[in-house]
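Shown here is one chain on its own, the form predicted on its own, set out as structure tokens.
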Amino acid sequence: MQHLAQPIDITQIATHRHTCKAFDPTRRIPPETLTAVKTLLRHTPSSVNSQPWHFVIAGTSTSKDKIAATLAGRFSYNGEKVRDASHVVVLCARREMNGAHLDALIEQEAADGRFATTEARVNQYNARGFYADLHREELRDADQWMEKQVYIALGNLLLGAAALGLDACAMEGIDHAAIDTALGLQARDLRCVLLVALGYRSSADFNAALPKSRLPEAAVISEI
């Protein structure tokens, strides 16, 4: 693997990005930037390369309205963000780490040239199967394990979006079951975990002018 010729100052991105509270509905993400967003999502790391996710990207008024319509009552404050954002990403987890998914992963890895020998392929398949069985049968936390991988994708997306000059807002204040129904996710063996609105801030985004606030380094980092 080659290192980047020009290292990116990722700390500057981390310290300057913010959660966008209001989007400019007149601005759209260019196609080439949206392609980069898709690349970020696809290349997110996951435990044993399990990739237990799917990302639904809503980019039309109709598709965004369908999602916004699920945000009634106590979650209605997020509806405007969904409608005004250029695009909304629905981050989904698989409902089950089944054999078909495990087979698809190993076939893709083989096609991408990751195995020098048949033994290497078998070892990879068995290792991933071991962890899938461990979380499903012994630890009984398969749902949480897969959801954790989706949150890795969230971190990748938020930092990457800022690097691409996009504003973003991650939303857990949603009706997960209603979104599953509206988008037909259960039939696809998927469930909604959270939403991320992407686009460009408007002048109503009060959070853009506020100073960033984090606990001091000594409170959250220890060196031993």
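One rule holds for the numbers: they count along the sequence shown, beginning at 1. All figures in this text were calculated on a predicted structure; none of them were measured in a lab.
This next part talks about the form predicted in complex with a further copy of the same chain, which is not shown.
- a further copy of the same chain in the model of the complex comes within 4.5 Å of a heavy atom belonging to His54.
- Taking the partner from elsewhere, Glu137 is found to have every heavy atom lying beyond 4.5 Å of a further copy of the same chain in the model of the complex.
- In the model of the complex, a further copy of the same chain lies farther than 4.5 Å from every heavy atom of Gly184.
- Taking the partner from the other structure, a further copy of the same chain in the model of the complex has no heavy atom within 4.5 Å of any heavy atom of Arg27.
- For the candidate set Met97, Leu71, Leu154, Val82, a heavy atom within 4.5 Å of a further copy of the same chain in the model of the complex is found for exactly one residue, namely Leu154.
- Of the residues in 202-224, those that come within 4.5 Å of a further copy of the same chain in the model of the complex through at least one heavy atom are, in sequence order, Asn207, Leu210, Pro211, Lys212, Ser213, Arg214, Leu215, Pro216, Glu217, Ala218, Ala219, Val220, Ile221, Ser222, Glu223, Ile224.
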